[in-house]
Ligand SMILES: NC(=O)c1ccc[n+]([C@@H]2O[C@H](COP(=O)([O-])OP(=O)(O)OC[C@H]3O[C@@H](n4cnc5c(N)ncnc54)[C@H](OP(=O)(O)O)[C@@H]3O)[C@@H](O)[C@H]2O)c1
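Next comes just one chain, in structure tokens: the form predicted alone.
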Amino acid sequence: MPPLRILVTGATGFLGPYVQGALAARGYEVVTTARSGGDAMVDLTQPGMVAAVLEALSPAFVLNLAAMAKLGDCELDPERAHRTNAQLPGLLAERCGDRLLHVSTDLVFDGRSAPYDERSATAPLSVYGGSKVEGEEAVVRLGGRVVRLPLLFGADARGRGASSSVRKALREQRIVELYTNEYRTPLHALDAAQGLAELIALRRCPQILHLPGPERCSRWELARRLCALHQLEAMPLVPVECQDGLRPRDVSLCGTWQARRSLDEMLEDA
């Protein structure tokens, strides 16, 4: 019997390589799409492209990582944010139904009632958060599943992810301002990818799931612990209070899924 073919969209982002590795380790055949790179280099938001790609690649299951994720970019181009974060998941769900696992974010919450579980009401503060809520609603309505991820970190050659961006700044001796009052439940991208692979195998589970990291902490605390564990000089790191109204102050997640590694174990691998 041939291996199950999984299509991973947005596969060249920070999480993509981790996901491909986790799926391959479980014996899946992985095919990928992205705007630049992947097995199919396409813009899935263009008319007819979702149907064409699904017909050409014939996946048994789709994991949607494609997103426009920078808050500032979404504020500047809300139409593109809507196409990518809201319309695209809906188009995939129309064709895939329960064969779709769509990745969302903790920033669908306003940060006033943490910790948030899967039943918590969404209340986004930004165009990004609002577009992700629209995408979630479309996927759930059409029978797909949604997984909300927190702040991700881990090794990345391009300096993406929370820990990689700190390491890159330290190497370049650049001042890095880190929020002391914005709380998340950070998760290593490897653990997130393994969690997503587990959920693909579990075809029967709730339509909305959280994958929280093991601890609630601020970006400042996360960076300090990274430096302490790896004996890195932390002088360029500067603690600041977040004043940005688009960023919720505490979107720590909770849920039934539990990370297997401690935060320190994850940071040692970052």
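As the structure is a prediction and not an experimental result, all values here were calculated from the model. Don't overthink the numbering: it's just position in the shown sequence, from 1.
Note that the form predicted in complex with the named molecule isn't included here; everything after this is about it.
S.K.: Though the named molecule is not shown, can you say which of V62, A223, L211, L65 has a heavy atom within 4.5 Å of it in the model of the complex?
M.R.: None of the other options qualify; the answer is L65.
S.K.: Just to confirm, with a 4.5 Å cut-off on non-hydrogen atoms, which of L91, V176, I200, L149 contacts the named molecule in the model of the complex?
M.R.: Of L91, V176, I200, L149, the residue with a heavy atom within 4.5 Å of the named molecule in the model of the complex is L149.
S.K.: Which of these stretches, 227-235, 202-210, 40-48, 24-32, has heavy atoms within 4.5 Å of the named molecule in the model of the complex?
M.R.: Contact-bearing stretch, as computed: 40-48.
S.K.: Using heavy atoms and a 4.5 Å limit, would one call P248 a contact residue for the named molecule in the model of the complex?
M.R.: No, no contact at 4.5 Å.
S.K.: In the model of the complex, does A11 come within 4.5 Å of the named molecule, counting heavy atoms only?
M.R.: Taking the distances in the model of the complex, the answer for A11 is yes, it comes within 4.5 Å of the named molecule.
S.K.: Looking in the model of the complex, any heavy atom of S104 within 4.5 Å of the named molecule?
M.R.: Yes, S104 lies within 4.5 Å of the named molecule in the model of the complex.
S.K.: Spell out, yes or no, whether the shortest heavy atom distance between T185 and the named molecule in the model of the complex is within 4.5 Å.
M.R.: Residue-level check for T185: no, no contact with the named molecule.
S.K.: Thinking of S36, A69 and Y128 as the candidate spot, does the named molecule come within 4.5 Å of a heavy atom on all of them in the model of the complex?
M.R.: The answer is yes; S36, A69 and Y128 each reach the named molecule.
S.K.: Which residues within 154-172 place at least one heavy atom within 4.5 Å of the named molecule in the model of the complex?
M.R.: The one in contact is R160.
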